[in-house]
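Here we start with a single chain on its own, the form predicted alone, put down as structure tokens.
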């Protein structure tokens, strides 16, 4: 695994964000996934990273099966917390930064308050997390594990969907497009507010923050596309851009009846990231348009 040039280790390299980061980094990337390294094995993780000697580590690996986590809490904690503890220790020994990918799910409550005019305020990095459910709780614990090493950056994001050319990606956009081919109508939750975020935009922001971490910047940063919508609103825009006209019915979170609780309002304030002058994060509708501009080229929408 040792290389002569300094690299950036990307864990979860076969996932949506990890794969995009490796694509952007090119030869600078040291891609790591479960087939190469089990991050829950403390000694193996430390030994592998000490041998590779990367200039920094970006941890995209996570247990992300939100509902299944309710019945597999030990496994979820091993991946979302234990693995981060191992990476933090490796980074401490290497004296290199750790960039930990976080999630909007750490905010499980319905919003922190009202702005003038009555709108709910987006969550800032200074707001106290309120995780609900095993996935959310373990991701929050993972953030705190990363913080044990002073050279850390936590990048919280929301509603990720990868480029259409990522054949292995599982995300909301692909699910809606698949269901639209087989269902007479769709039923989608309309009482959860979030910001769908296009992976290439989040990857760009993550690499910018990673560079900043090498220059001494640390802490928590929110990086999502701009604006917000509901999952029903997101699905409606997906179908519009796909030229699909099937009915899409709004339902409540209670009607959806998922095993794990979902955030009611998880819109993240990105002004702290913006203040660093990083790559602009477009509105979520622009991100979705970019997705479809790429989608129609290789797949030829019907």
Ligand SMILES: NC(=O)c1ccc[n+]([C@@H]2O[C@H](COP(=O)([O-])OP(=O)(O)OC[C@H]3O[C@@H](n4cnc5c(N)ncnc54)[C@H](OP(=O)(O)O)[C@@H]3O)[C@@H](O)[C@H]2O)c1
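Positions refer to the first chain, counted from 1. Model, not experiment: these values are computed from the prediction.
Note that the form predicted in complex with the named molecule isn't included here; everything after this is about it.
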Interface membership of residue 85, the named molecule in the predicted bound form, 4.5 Å heavy atom rule: no
Heavy atom of residue 15 within 4.5 Å of the named molecule in the predicted bound form: yes
Any non-hydrogen atom of residue 40 within 4.5 angstroms of the named molecule in the predicted bound form: yes
Distance check, residue 253 to the named molecule in the predicted bound form, heavy atom within 4.5 Å: no
One residue of 81, 158, 134, 90 in contact with the named molecule, assessed in the predicted bound form (non-hydrogen atom, 4.5 angstroms): 158
30, 56, 248, 60 - the one with a heavy atom within 4.5 Å of the named molecule in the predicted bound form: 60
Partner-proximal stretch of 183-191, 90-98, 150-158, 204-212 relative to the named molecule in the predicted bound form, 4.5 angstroms, heavy atom: 150-158
Contacts with the named molecule in the predicted bound form - residues in 82-104 whose heavy atoms fall within 4.5 Å: 101, 102, 103, 104
